[in-house]
Ligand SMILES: Cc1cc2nc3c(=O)[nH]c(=O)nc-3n(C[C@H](O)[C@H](O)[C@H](O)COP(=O)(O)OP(=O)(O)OC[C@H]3O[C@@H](n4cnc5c(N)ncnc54)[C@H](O)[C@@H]3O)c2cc1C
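First, one chain by itself in structure tokens, the form predicted on its own.
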Amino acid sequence: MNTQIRLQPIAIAGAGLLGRLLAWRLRLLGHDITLFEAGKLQPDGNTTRAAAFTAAGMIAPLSEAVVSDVNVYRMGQFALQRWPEWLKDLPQNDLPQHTPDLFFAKGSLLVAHPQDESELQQFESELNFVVPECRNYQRVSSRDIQNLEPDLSPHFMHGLLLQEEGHLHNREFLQQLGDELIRLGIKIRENTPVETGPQTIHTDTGVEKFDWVIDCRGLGAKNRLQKLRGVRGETLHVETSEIHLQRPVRLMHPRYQLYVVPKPANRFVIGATQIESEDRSPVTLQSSLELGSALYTLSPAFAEARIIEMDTNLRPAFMDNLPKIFCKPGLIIANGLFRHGYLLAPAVVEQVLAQIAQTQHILFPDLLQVSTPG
């Protein structure tokens, strides 16, 4: 433990990805943590869940840099280093036997149907423009694709292997981390909506005081962050033992980029949609048809897959789709992970830790907004 850090009572509002990670890392530093959650710490399928549960858990700095900017790439590189280090801090002794590994760094594979191969060329061109120093990817042939992922359809002639990418089994991680928060003695206040202020948490029963308050409520903080919006995402979860993938696969298409991410127990998460809407209603028929049809073209073996879940959620985002940290004495607000949650969370967490410690260790200065949020 760093003896130079003064141990403090800290409140964290929101038990999504950022809230859990901050509670965990601050508790390991010895701070007295109270975690407030409007719902349940470990939600079931019948309760509203944080966007982190709906996400596919990809840590894909190259793929996301193309549709964002170089800062996302650099924060993603940081995440690829930090996740394996953090996961070593989760105790292994209490886990059931045959618990799957949580993190994989096997890259991701981009493919396109022959008529859409210009999408691969466009992706490579944009990647070289946004991240000109990046060389950690390679073009692959049909034979390479079959060696990398033998269960994919053989008609893909060309692809790109993005070696500098990984993925996380996010639901299993969130479950294990929730259990670890309890084991560490963090005070968890479920079903407790709050409002936040400098050094204050306002609940239905009164006002509570802390040295620091960290607001990580995602869209729950929309009344405070007027420029925050929700962006709808839809995912399809299927189960089949007929196909095995070693890494996420992205299908490049002129209208959408479908991704398929392998999960434990022969499960796969499929997504593509990004809709400028704050509608939380179930997946539309159009989306399910598009996702299912594109999935079938990746491999006909998916035809017999069983649909086990269709999920929707809203990702909190600012107008530039980049995260922000607002700081003033006694209050830190961290928000706006958009669809990059597992990619950007380590950088955001480390920056908040630096603020709590009041150090000059500013890894990503563009994240920091030392002002009153508006």
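Numbering starts at 1 and runs along the sequence shown. The model shown is predicted, which means the values in this text are computed figures rather than measured ones.
Here the subject shifts to the form predicted together with the named molecule, a form of this protein not shown in this document.
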item	value
Single option in Leu331, Leu322, Val70, Ala38 placed near the named molecule in the predicted complex, where near means a heavy atom within 4.5 Å	Ala38
Heavy atom within 4.5 Å of the named molecule in the predicted complex - the one residue of Leu181, Leu258, Val194, Val111 that qualifies	Val194
Options 336-344, 323-331, 26-34, 301-309; stretch whose heavy atom lies within 4.5 Å of the named molecule in the predicted complex	336-344
Heavy atom of Cys216 within 4.5 Å of the named molecule in the predicted complex	yes
Partner proximity in the predicted complex: Gly159 to the named molecule, non-hydrogen atom cutoff 4.5 Å	no
Exercise: Ser287 in contact with the named molecule in the predicted complex, heavy atom 4.5 Å	no
Contact label in the predicted complex: Gly220 to the named molecule, heavy atom within 4.5 Å	yes
